[in-house]
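In structure tokens, the next block holds one chain alone, the form predicted alone.
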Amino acid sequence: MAAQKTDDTAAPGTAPGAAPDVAPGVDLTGRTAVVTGALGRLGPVWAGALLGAGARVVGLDLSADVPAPLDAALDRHGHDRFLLLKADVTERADLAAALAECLSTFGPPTVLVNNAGIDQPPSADGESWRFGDIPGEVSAGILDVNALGTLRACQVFGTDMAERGHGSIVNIGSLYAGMAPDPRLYEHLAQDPPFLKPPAYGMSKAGVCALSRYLAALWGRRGVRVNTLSPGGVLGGQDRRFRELFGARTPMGRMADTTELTGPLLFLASDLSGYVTGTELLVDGGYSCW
């Protein structure tokens, strides 16, 4: 199984200047947060924001190569508040071992960001199939990491939170949990077969939203809130034509910068959203309103 990197319906971009890690008024000092897929494209965004808000962060990934943005966040906020553990979300034993290490090093987790995921960003260089030819193992791998991996992490870390009576779980969804990818966004890619966004990706993210509602109902009276944060298109190396087409399809006329995701994440993770559970927060520049 490949390293479980951040979910990418896209990543960084258009907003000028360096934005802060943390939204004003958010204080997670003394709390411990767990981020799965912590070293991928969006994992460092979530981890950096949580560190900036004062939390201790346990990052789970299959890799050990800390990317530059996260390393910079650690320089700002303290390497001693970040613990990186090797863990595969397809293996419940890995998650149980990570929970034990978290408890012994930083204490009980009160925030869980389920971010580990497999995606296929638009590219003329990647492997593609016609719909009828998509290998079963490709779809199964996406579902196992994105949907079942989120379920396993909730079973391990979320159950611990429910037993202790406090916690916030933020499951990372996607715009494509509720909308189909527009094939016209990919028609300019010179590829045969034509590029297709994997159908299992949207299936997995719809399942994540359903899981958030299920657990919100199950654990609401046990002090655990569960929500989905669903980014739309996020800048991250896409070709110019794709960015233009996506922007034209979006009321705000552009894709998101990763810095624009931190406020929504910290809102859901913190007490600012103390009466919010079972919901999906779309951060999509209005894409879904058309």
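Please read all numbers here as calculations on a predicted model, not as lab measurements. Numbers follow the displayed sequence, beginning with 1.
Below, we turn to the form predicted in complex with a small molecule, even though it does not appear here.
Peer 1: With the small molecule left out of view, which of 191, 159, 90, 105 would have a heavy atom within 4.5 Å of it in the model of the complex?
Peer 2: The residue from 191, 159, 90, 105 that makes the contact is 90.
Peer 1: Go through 265, 33, 42, 53 and name the one with a heavy atom inside 4.5 Å of the small molecule in the model of the complex.
Peer 2: The option sitting close enough to the partner is 42.
Peer 1: To test your reading of this chain, name the stretch in 127-135, 168-176, 211-219, 96-104 whose heavy atoms come within 4.5 Å of the small molecule in the model of the complex.
Peer 2: Going through the listed ranges, the match is 168-176.
Peer 1: Wondering, does residue 59 line up within 4.5 Å of the small molecule in the model of the complex on heavy atoms?
Peer 2: Judged by the heavy-atom cut-off of 4.5 Å, residue 59 is well away from the small molecule in the model of the complex.
Peer 1: Hey, in the model of the complex, does residue 231 get a heavy atom within 4.5 angstroms of the small molecule?
Peer 2: Although the small molecule is absent here, residue 231 would touch it in the model of the complex, with heavy atoms inside 4.5 Å.
Peer 1: Would you check, heavy atoms only and a 4.5 Å threshold, whether residue 118 touches the small molecule in the model of the complex?
Peer 2: Contact check for residue 118: yes, within 4.5 Å of the small molecule in the model of the complex.
Peer 1: Quick check on residue 201: any heavy atom within 4.5 Å of the small molecule in the model of the complex?
Peer 2: Judged by the heavy-atom cut-off of 4.5 Å, residue 201 is in contact with the small molecule in the model of the complex.
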